Structure formats: C-alpha cells, structure tokens
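As structure tokens, one chain now follows by itself in the form predicted on its own.
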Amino acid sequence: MNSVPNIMLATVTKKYGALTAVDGVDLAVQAGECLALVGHNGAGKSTLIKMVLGLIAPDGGQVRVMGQDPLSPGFKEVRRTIGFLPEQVLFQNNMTGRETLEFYARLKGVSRKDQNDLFRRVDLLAAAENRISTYSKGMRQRLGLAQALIGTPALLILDEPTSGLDPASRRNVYGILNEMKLAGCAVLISSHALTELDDRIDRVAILNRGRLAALGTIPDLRRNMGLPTEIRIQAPAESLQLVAQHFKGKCRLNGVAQLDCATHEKLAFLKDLMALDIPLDNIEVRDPSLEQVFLAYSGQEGQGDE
C-alpha cells in the first residue's frame, strides 16, 4: 500500500449550530482498499463525504485526499481522479445516455473514446442512444455508476450504489468494484444494505451520532464485541439427542441442534463434534453478520429497523 492514504481524516469535526454532525473522526482509506461507511440516518455519513469531496469545510481537524486539502486551489486536478456516485442520481431527461457520459467526460477533461466500454460494464450499451426519460430507476443508477467510472479514477466514493438494482445488477456492481480495487483504486462505499457488504469489503467504519464507534475488519469487530458464532446441526433424531447430551446446557433443539460458540473456538468445537462419530446430515456455521456487528456497536442490538 502507498505511504500516503488516498483519504486521510485527522480529528475531523463539523458542526451545524448546536448539532455536531461529525465529531473528531480519524480515518484513512488506502489504495486498493474498500472501506464501508455505515450508520443510521443522521449519523454523519453524508457530511463526512461532502468534506472529502471539498463541498463543505470542516470546523476542526484535517482532511486530505491524495495528499491534498480538498479546499485548496490545486485540488481541481485531483478531482479528475475521483469518481463519485451520489445517493440520488439526477440526469437531464431530454439527453441520451451517450450525451450524458460525453458531458461528464468533458467536465473531467478526459477522452470520450471509451464510452462503449463503460456502457458494456454497466450493461447499458443497448440503451446508450435512448433518452434518459425512457430509463428505469435501475438504468439511471447504472448510468450513474458509469459516470463515476469515467477516466479510470484512483478514488471511488459511492453513496448507496445498488439502490433500485436487481440481484444480477448488484452482483455486477460489486464485480466492477473488485476490479477497480485490484487495479489499485481506493473505494469508499456508504450503504444501508449491510447484508450485501459482508464478503465484499476490507474494513468497515461505523458512525454513531457523528462519532466513529468502530473501525476494522468484520472478523476483528466480531471478536471485539464477543459476538458468538451460531452452529446449526441437521441429523437424525437419535444423533440430535446425543449432541444435546454432549453439549448439555449449551444446545437448543428445535428440529435442528443449535449451539453458540466464540468465533475463535469454531475449529475446536467442530473437532469435538466429529469425535462423537454419529450420523450427521448437515452442519451450518453462521458467523455474526455485518448487520449484527453494526447493531451491537450502535447500541441497537435486538431492536427493529428504523
């Protein structure tokens, strides 16, 4: 990884009157890394992104993007290396998809020769000449991603990138993000769709009321909170009874045997189970999801969605 992070925040604070939207946040995103920014509505995610983009100034602390201050005059050139997809994608309805990408390419000062490749990547080539007014919400979202990819950015900032997309399109989006990562691009993704992110991010930053509640890999955060792994065992009734007896006081029987264990004890538990040498039909090992990690760190575990 580069010695200079693509994004660096040092004790960054932003206030709106009596409200502290971002409160002393320290954060870095390196080249080739995908970091997810998660938090409830009003947690400070959008404010943080606006400071990274240079749209608003922090009231305290330091923001650096590609080693430069986003508010400095020289940041104009750095912006050409940034791709941004806002939460709400708005385009001119009377323009075609191709005209839209040409417009954004001119704004970035980059070549307009690779447009067909961009349309292919987001599966919109067949609709490139159609007016935006004919596009569905999912098509507009994919066009928004295409404009963010213009110029092969070194930094991608994506706010709810899979909103309105079908499962196939969502898979394609994350495939594109993985390609960008492998090419050295840093990716900052803000999303409420936590179940999508589990196996697709390197680290997660959890914001709660403007503060950085947690930062790290999902396995590290699971261990830090002591969240258990659930193990579900499908087996003949006789085997389930033997499992319940062996793990007395730890096993719940409800058609299957369910047990919780510390994440670092999974292998030892499975070895112990195999040592019983009994018929088993299936074993499922369910580590705590990002959603469970988020709820635990935000103090909302066990509560419903907003």
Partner chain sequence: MSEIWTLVTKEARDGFRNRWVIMITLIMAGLALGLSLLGSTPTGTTSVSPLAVTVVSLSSLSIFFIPLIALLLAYDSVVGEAERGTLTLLLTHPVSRVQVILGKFIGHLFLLAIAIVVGYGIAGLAIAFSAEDGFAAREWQSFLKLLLSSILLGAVFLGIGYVISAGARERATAAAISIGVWLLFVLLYDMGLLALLASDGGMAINGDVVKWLMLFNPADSYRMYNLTSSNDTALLSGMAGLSAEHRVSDISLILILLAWVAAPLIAACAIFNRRQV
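Residue numbers count along the first chain shown, from 1. Keep in mind that this is a model prediction, so the values were computed, not measured.
Absent from the display: the form predicted together with the partner chain. The rest refers to it.
For a residue to qualify, one of its non-hydrogen atoms must sit within 4.5 Å of the partner chain in the predicted complex; all three of Gln88, Gln92 and Glu99 qualify.
With a 4.5 Å cutoff on heavy atoms, Lys76 counts as touching the partner chain in the predicted complex.
Within 4.5 Å of some heavy atom of the partner chain in the predicted complex lies at least one heavy atom of Arg106.
Among heavy atoms of Arg209, none comes within 4.5 Å of the partner chain in the predicted complex.
Remark: Leu55 counts among the residues lining the partner chain in the predicted complex, judged by a heavy atom distance of 4.5 Å or less.
Stretch-level contact analysis of 179-187, 162-170, 229-237, 78-86 against the partner chain in the predicted complex, using heavy atoms and a 4.5 Å limit, identifies 78-86. A heavy atom within 4.5 Å of the partner chain in the predicted complex is found for one listed residue only; from Arg64, Lys266, His40, Lys50, this is Lys50. With the partner omitted here, the residue from Arg121, Arg223, Arg200, Arg131 that has a non-hydrogen atom within 4.5 angstroms of the partner chain in the predicted complex is Arg131. In the predicted complex, the partner chain lies beyond 4.5 angstroms of every heavy atom of every residue of 256-294.
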